[in-house]
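Take a look at this single chain, the form predicted on its own, given in structure tokens.
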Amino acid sequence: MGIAGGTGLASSTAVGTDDDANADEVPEYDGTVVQVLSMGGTIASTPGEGGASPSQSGEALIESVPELNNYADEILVEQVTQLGSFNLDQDDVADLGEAARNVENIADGIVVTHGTDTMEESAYHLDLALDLDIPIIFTGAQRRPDEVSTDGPANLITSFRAATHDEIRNGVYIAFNEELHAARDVTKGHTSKLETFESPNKGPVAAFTRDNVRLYREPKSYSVSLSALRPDKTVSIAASGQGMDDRQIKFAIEQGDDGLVLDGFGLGNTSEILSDAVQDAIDSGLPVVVTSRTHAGTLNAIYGNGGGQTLKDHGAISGGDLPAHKARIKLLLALEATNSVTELRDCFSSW
């Protein structure tokens, strides 16, 4: 298998497999170039005295799975950063996006190796900010390479199959546990199980078997396009909980935040105390997006006394079915384009 660091190309010859006889029936690759952008995460981690940390390079990850050569004739590898995803920030994700843009005319597909904790945020960030003519497939692992039944190699194979599939030619996705999920809809649903990623209400875009790919939804971006990649705004998240006071929202106002996400209850409700603070925030010029801490479903403004209808009357923006952490990413990027509440509301009413 040919592997090159940075932007250089190295050629390799794909190894034949037992499935070659079925190639005409189920075409999955045609001698393509795959760019791997490595970010660290569990898939690259090893244990240490102070706890596990990412130590394996992207090149080492790819070299450890020779079967990847069945799906790409040429493989490029670039180490963008090497961190646990819980330590990534928006600048790191912007660096990743710029690396992806740099290879759009070189590669046929991009695979990003990344930690699972914030993988969905990075994927959604790029889905909003980039509009490339090649697919970007995020993947990683729930178990380190040194652990029994590590899932990294299988997830890498699934990501390569997705990145080189004839019908998956744009958009940003997460490939995990032999499923492909759209970046907008996917979320991590379990701390440790291998089948952690799911798309509530929507389901996966595709499922992979040994020799086939079954498409459930059209492979594409399901996100509105925003021109910003590297946001320079401050958006925090205020939580809702029984008996909580309004200090989080007051702090956001005092610190001059550019936007705020309120993670509400159920259909998008909160207490009267927090609702009054939301009105103060909006009156001060701080746009507020409301989401629900509930795992699935969308918002509906029904209740008064601090509920969804009250928040709507105050001028809060509905986050629809986005979870708070994704609504924050969207608001960060949208605020780079506009400060108009009307335009922000239009942005959030679109996918």
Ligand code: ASP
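What you are looking at is a predicted structure, and each value in this text was computed from that prediction instead of being measured. Just count from 1 along the sequence shown to find any residue number.
Omitted here: the form predicted together with aspartic acid (ASP). The next part is about that form.
Taking aspartic acid (ASP) in the predicted bound form as the reference, which of 122, 155, 116, 240 has a non-hydrogen atom within 4.5 Å?
Of the listed residues, the single hit is 116.
State the residue from 145, 219, 84, 266 whose non-hydrogen atoms include one within 4.5 Å of aspartic acid (ASP) in the predicted bound form.
For this set of options, the contacting one is 84.
Any idea which of 36 to 44, 63 to 71, 298 to 306, 321 to 329 reaches within 4.5 Å of aspartic acid (ASP) in the predicted bound form, heavy atoms considered?
It is the stretch 36 to 44.
Applying a 4.5 Å heavy atom distance criterion, does residue 188 contact aspartic acid (ASP) in the predicted bound form?
Because a heavy atom of residue 188 falls inside 4.5 Å of aspartic acid (ASP) in the predicted bound form, the answer is yes.
Is residue 141 a contact residue for aspartic acid (ASP) in the predicted bound form, using a 4.5 Å heavy atom cut-off?
Judged by the heavy-atom cut-off of 4.5 Å, residue 141 is in contact with aspartic acid (ASP) in the predicted bound form.
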